[in-house]
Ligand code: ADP
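One chain is shown next in structure tokens, namely the form predicted alone.
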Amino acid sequence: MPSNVTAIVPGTFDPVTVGHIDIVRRGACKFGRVVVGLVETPLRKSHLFDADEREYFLREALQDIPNVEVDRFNCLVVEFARRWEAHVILKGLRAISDFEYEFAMAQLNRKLAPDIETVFMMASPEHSFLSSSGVKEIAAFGGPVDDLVPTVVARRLRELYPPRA
């Protein structure tokens, strides 16, 4: 890939997981700049963490990758991409169920912005089972999440859901 291509990685990241971080890291090796787009107010689902906290988690987890930036948005994904002059929307896929939803979104985005391509990256095998909702459920029942999320997120989840005796 040319080093002058900007890709966006949009999501709610509630919370960010090591699977998300893996996709961003791998994307940063393929594109000149990767902008992680944090959806401030998700329409499809309620969130555990507010936008400020989710942004903090992302910035902490991604601070060592020089060509990655974090920004918030509350608009169409293609409008966010245009704001950053990005020509790629990078999405991670875990399973066929992800593909069905993401395929439909990619087709809608292509209709709105034919000049912006959606690129799918398969999750690493060790992260193919991982979801933010699964992490929240494990944490809520006092289970260990330390190897599923960045340290800053694990610490915050332990504050919200202290381990059970």
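Numbering starts at 1 and follows the sequence shown. Small disclaimer: the values here were computed from a predicted structure and weren't measured.
The same protein has a further form, the form predicted in complex with adenosine-5'-diphosphate, not shown here; the description that follows concerns it.
> Contact with adenosine-5'-diphosphate in the model of the complex for Pro150, defined as at least one heavy atom pair within 4.5 Å: yes or no?
Answer no; every heavy atom of Pro150 is more than 4.5 Å from adenosine-5'-diphosphate in the model of the complex.
> Verify the contact flag for Asn67: yes if a non-hydrogen atom of it lies within 4.5 Å of a non-hydrogen atom of adenosine-5'-diphosphate in the model of the complex, no if not.
No, no contact at 4.5 Å.
> Determine whether any heavy atom of Glu102 comes within 4.5 Å of a heavy atom of adenosine-5'-diphosphate in the model of the complex, and answer yes or no.
Flag for Glu102 set to yes.
> Report yes if any heavy atom of Ala123 sits within 4.5 Å of a heavy atom of adenosine-5'-diphosphate in the model of the complex; otherwise report no.
The answer is yes: Ala123 has a heavy atom within 4.5 Å of adenosine-5'-diphosphate.
> Tell me the stretch among 109-117, 127-135, 59-67, 27-35 that has any heavy atom within 4.5 angstroms of adenosine-5'-diphosphate in the model of the complex.
Going through the listed ranges, the match is 127-135.
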